[in-house]
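To begin, one chain is listed below as structure tokens, in the form predicted on its own.
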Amino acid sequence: METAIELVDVSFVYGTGTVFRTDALSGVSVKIAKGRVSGIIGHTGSGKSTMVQMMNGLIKPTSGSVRLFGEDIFADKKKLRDIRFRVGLVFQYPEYQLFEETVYKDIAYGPTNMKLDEKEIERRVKKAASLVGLDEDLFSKSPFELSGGQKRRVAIAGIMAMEPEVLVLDEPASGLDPVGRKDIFKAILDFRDATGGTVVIVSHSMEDMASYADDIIVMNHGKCFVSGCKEEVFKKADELCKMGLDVPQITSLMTRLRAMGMEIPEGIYTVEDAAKALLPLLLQKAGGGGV
């Protein structure tokens, strides 16, 4: 499987030479697979945000290297601008960064900076708006007239419109209600499916990671505790819980039911998977007069 982004023995120190020195990352080596959704999870201060800011060149590691499709992104400073178009970064609460007069101009801001012609900019704006579920009737409105969820979608569409090879999002559903969360993650998956791009999502929610990520990187105190496909990561449920990171609630429930003697397979991380596992058992009980 081709690697899109790789961090090789990366460390980063804030406040070097001061009493405020903090080791944000220490010897981190991880790979982000091309075309997959990778989740980065961990407590506040575990190094998640520092990692993703390195991925598009906003922060240079104190030591180690960050590679985009095998190329060290910091090897040539002149290429950093292009790197930031290739690796699109959506910060937490991106709606606070909206500033243009209209929704259209805000979404078009990135493509305009890429020096694209107007026809191509328009194509990208319309495509990105469609991916995040924004009606073109909103293009002429001020982004500040929109709801919180719509503002979030405008901000994300602005990054998608640059058509990055890698889309990195820091807590993209933070502060949204359940419907809003679902809409945002649908838009992210639609982007991946439509473009074949790579997606990296920072989240504090194991539930979201279970539902939407293919692979998971667990950070703890600036180090990578474990990384791999989500099935392998969730097998370390006991260790994750000791770190204070809960596995999905439905997984805990299925584990308890197995302990009670129910024949439930391992590897259940979503409500949908649980329903598929439980339905045959309920039907069997119903057929035997047990319900």
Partner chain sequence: MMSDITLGQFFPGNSPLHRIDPRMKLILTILYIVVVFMADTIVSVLAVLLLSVLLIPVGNIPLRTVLKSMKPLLFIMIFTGLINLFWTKDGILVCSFWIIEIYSAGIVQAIFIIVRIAALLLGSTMLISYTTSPIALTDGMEQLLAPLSRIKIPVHDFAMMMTIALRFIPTLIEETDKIMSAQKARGADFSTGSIIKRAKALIPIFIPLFLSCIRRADELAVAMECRCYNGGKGKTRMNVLHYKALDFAALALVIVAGVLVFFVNKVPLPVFLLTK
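In this text, all values refer to a predicted model and were calculated from it rather than measured experimentally. Numbering follows the first chain given and starts at 1.
The discussion below concerns the form predicted in complex with the partner chain, not included here.
Residue-level contacts in the predicted bound form: of 187, 129, 218, 89, one residue has a heavy atom within 4.5 Å of the partner chain, and it is 89. Think of it this way: in the predicted bound form, the partner chain has a heavy atom of just one of 84, 141, 192, 123 within 4.5 Å, and the residue is 84. Candidate site formed by 56, 99 and 159: every one of these residues places a non-hydrogen atom within 4.5 angstroms of the partner chain in the predicted bound form. Figure note: of the listed segments 131-139, 194-202, 107-115, 209-217, the one touching the partner chain in the predicted bound form, with heavy atoms no more than 4.5 Å away, is 107-115.
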